[in-house]
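This document starts with one chain, in the form predicted on its own, laid out as structure tokens.
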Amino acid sequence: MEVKVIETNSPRETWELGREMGGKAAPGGVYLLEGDLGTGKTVFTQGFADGLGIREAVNSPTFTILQIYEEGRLPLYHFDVYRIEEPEEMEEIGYEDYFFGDGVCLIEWASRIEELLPADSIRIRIEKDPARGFDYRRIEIEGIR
């Protein structure tokens, strides 16, 4: 599968990329967001939500695992599965209703629940490179149509 690489040099550029992708998102889309702490996953997600027309504050749901935003043109189901120990814990949340529903899922730390993810998910990996500057990000997108 083809991998698209985008380089950003500011949080605003990372936000804008998220906004562009959110603007193109379709019902049932599942986006897998990977990257170390501090790479800009939340900034990307905030832009993505804006692209969906969501105006409320968007923060990482690290302690709640799932945050639901319904005011946009599509519902956004924002997962942070960093604290999930076993994929079976996702059944308690009723993940299938979200993964296969009419909204859009954006899942941070998705590799922790790899076996539950739809095959047609779009993978987004954000990486820093301090040698290229504090705000530089290399963003790989795989599975975009």
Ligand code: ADP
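What you are looking at is a predicted structure, and each value in this text was computed from that prediction instead of being measured. Counting begins at 1, following the sequence as shown.
The following text describes the form predicted in complex with the named molecule, which does not appear among the structures shown.
Distance criterion of 4.5 Å from any heavy atom to the named molecule in the predicted bound form singles out 43 from the list 43, 52, 32, 81. Residue contact with the named molecule in the predicted bound form: residue 67 places no heavy atom within 4.5 Å of it.
Although the partner is absent here, residue 121 sits far enough away that none of its heavy atoms falls within 4.5 Å of the named molecule in the predicted bound form. Although the partner is absent here, residue 23 sits far enough away that none of its heavy atoms falls within 4.5 Å of the named molecule in the predicted bound form. Taking the partner from the other structure, the named molecule in the predicted bound form has no heavy atom within 4.5 Å of any heavy atom of residue 27. Of the candidate stretches 85-93, 111-119, 98-106, 34-42, only 34-42 has residues whose heavy atoms lie within 4.5 Å of the named molecule in the predicted bound form. Residues 8, 9, 10, 11, 14, 36 are the ones in 7-36 with at least one heavy atom within 4.5 Å of the named molecule in the predicted bound form, listed in sequence order.
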